[in-house]
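In the form predicted on its own, a lone chain appears below as structure tokens.
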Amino acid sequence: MRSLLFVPADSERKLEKGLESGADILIVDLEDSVSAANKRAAREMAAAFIAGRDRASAPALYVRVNDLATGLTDDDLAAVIAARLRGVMLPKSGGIDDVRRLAVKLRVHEARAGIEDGATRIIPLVTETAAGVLNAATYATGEPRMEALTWGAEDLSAAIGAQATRDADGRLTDVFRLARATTILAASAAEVPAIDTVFPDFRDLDAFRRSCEEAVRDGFAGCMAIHPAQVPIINEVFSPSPEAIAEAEGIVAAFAAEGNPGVVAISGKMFDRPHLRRAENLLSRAGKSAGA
């Protein structure tokens, strides 16, 4: 799960173009990119688009529904769950209780559609409200459907009255750095991947690449995109290099050869258990078994 591309549910052209983007996940959006007047038509288009796709083929298909407070979530789910999507993105999640509320709704819709219980996954957007940021620790208690955590800055800026999310140099300001860091920590505590937020200036690909490199450095496993041009950069940056994979495999092999001790020496350097966990995580992201 490296790249997650948003596509408006009411644009057939953009939906089809999204399939060719190379994204790991396509997020069919029923929320911000669809006007209130077009919600019903967007639901119908989303359902038809998803139903026409092989669920096992790439990209995996998620739907971003309208948040629980809008009163629109049930109509969104009723329209799309029977089409057998991979999962649902929940905006403005206020904590694990909101994820569990959504999980109950999904169970009902899955049962009505004859879909296996638990088949539909959930990715909550956890920082779009002040309460969401402050309740991020609750995700550590877990929910079996939760596949990852991600965050957003724009809705949070509106909620708290911030005039901007970034400074003159393009760096996130303090509140939004806190939201970003909180997402990484909450995802780690919940033992799910952390996905970085969108980068609004899709024309500045150099700045976007730097942002992705910083995200990998800090522990994010992937990034959301708002334009297909961003997807190749995400896939490249969030894919471990052959050199990094080889180093990780060497660390795992050294620990295994020594009977998994607390510390091993490799080429004159000491590696301890945190290095082993980091190597195992990298191999997992690369789609390789740590024991292979």
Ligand code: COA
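In case it trips you up, residue 1 is the first one in the sequence shown, and so on. Please read these numbers as outputs of a predicted model, since none were measured by experiment.
There is another form of this protein, the form predicted in complex with the named molecule, and it is not shown here; the text below is about that form.
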| item | value |
| --- | --- |
| Contact assignment for the named molecule in the predicted bound form, among 244, 68, 226, 48, heavy atom within 4.5 Å | 226 |
| Answer range among 93-101, 169-177, 212-220, 194-202 for contact with the named molecule, defined in the predicted bound form as heavy atoms within 4.5 Å | 194-202 |
| Exercise: residue 235 in contact with the named molecule in the predicted bound form, heavy atom 4.5 Å | no |
| Any non-hydrogen atom of residue 273 within 4.5 angstroms of the named molecule in the predicted bound form | no |
| Heavy atom of residue 4 within 4.5 Å of the named molecule in the predicted bound form | no |
| Residue 269: touches the named molecule in the predicted bound form, heavy atom cutoff 4.5 angstroms | no |
| Neighbours of the named molecule in the predicted bound form among 1-24 [non-hydrogen atom within 4.5 angstroms] | 5, 6, 7, 8, 13, 14, 17, 18 |
